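One chain follows as structure tokens, the form predicted on its own.
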């Protein structure tokens, strides 16, 4: 068996990249600025973690452990349509800009990034693109939604994979998908149900899906799910009334393994927020198959 790829998981969040890679990779260090996210990460993965800003890291820390891949999932707020779209001028872009500046010095063997679609046309992305070209990397860019992989959940994202070596052709998306009903809990808890007054008030604005429909597809679940009634994710129509998707159901739709667990003190609202800020594990696994060690 080939040795697992050694990954530096930057902006790691709750561990979406680690979940996507599974036993095919070893995370040398998982880095994030939020201690709460890293506590969830450590609850599920045994890899070393570090609470710090990316820009505070020294160059030698990127070289430690003979890293094969940098994984980046930087904050989307500088680029999202709901934000102010300040791009490189947004302070939250400082970390990824510092990484771009390090590439010519450190020359990681491979690099992969996930973000919202507007990132692709941003100044930040163009700086990354120009730097990778100048340093001799092969590069592939694409937008991918889990629906193309048979997952009934819309979550279109931009992906970039770059390598100083070979990049394999990306396998065609497709294949038989599972119906939305296959991702649902058998016994939803009462607190998931929406009060009738709320359902009536937002009746025309809620995205409602019916699991009995074989073509049902849930909208993208955002960090505001559970707090904002509209444009934050879908609601499920049931014989007992309208209800939210449980965190476990959202987790399944994102592709996290069944053994992934939130600590018992994490409330639904917190779990929804963390999942909304995470990524599609299935899509990341598909995109990273372009790297020979992960095919």
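Residue numbers count along the first chain shown, from 1. Values in this document were obtained by computation on a predicted structure and should not be read as measured data.
Beyond what is shown, the protein has a form predicted together with a small molecule; the following relates to that form.
Although the partner is absent here, residue 12 lies within 4.5 Å of the small molecule in the model of the complex, judged by heavy atoms. Although the partner is absent here, residue 95 lies within 4.5 Å of the small molecule in the model of the complex, judged by heavy atoms.
None of the heavy atoms of residue 238 is located within 4.5 Å of the small molecule in the model of the complex.
In the model of the complex, the small molecule sits within 4.5 Å of a heavy atom of residue 33. Among 270, 26, 53, 39, the residue placing a heavy atom within 4.5 Å of the small molecule in the model of the complex is 53. With the partner omitted from this view, the residue of 75, 188, 118, 108 that lies near the small molecule in the model of the complex is 75 [heavy atom within 4.5 Å].
Heavy atoms within 4.5 Å of the small molecule in the model of the complex map, among the stretches 53-61, 262-270, 226-234, 239-247, onto 53-61 alone.
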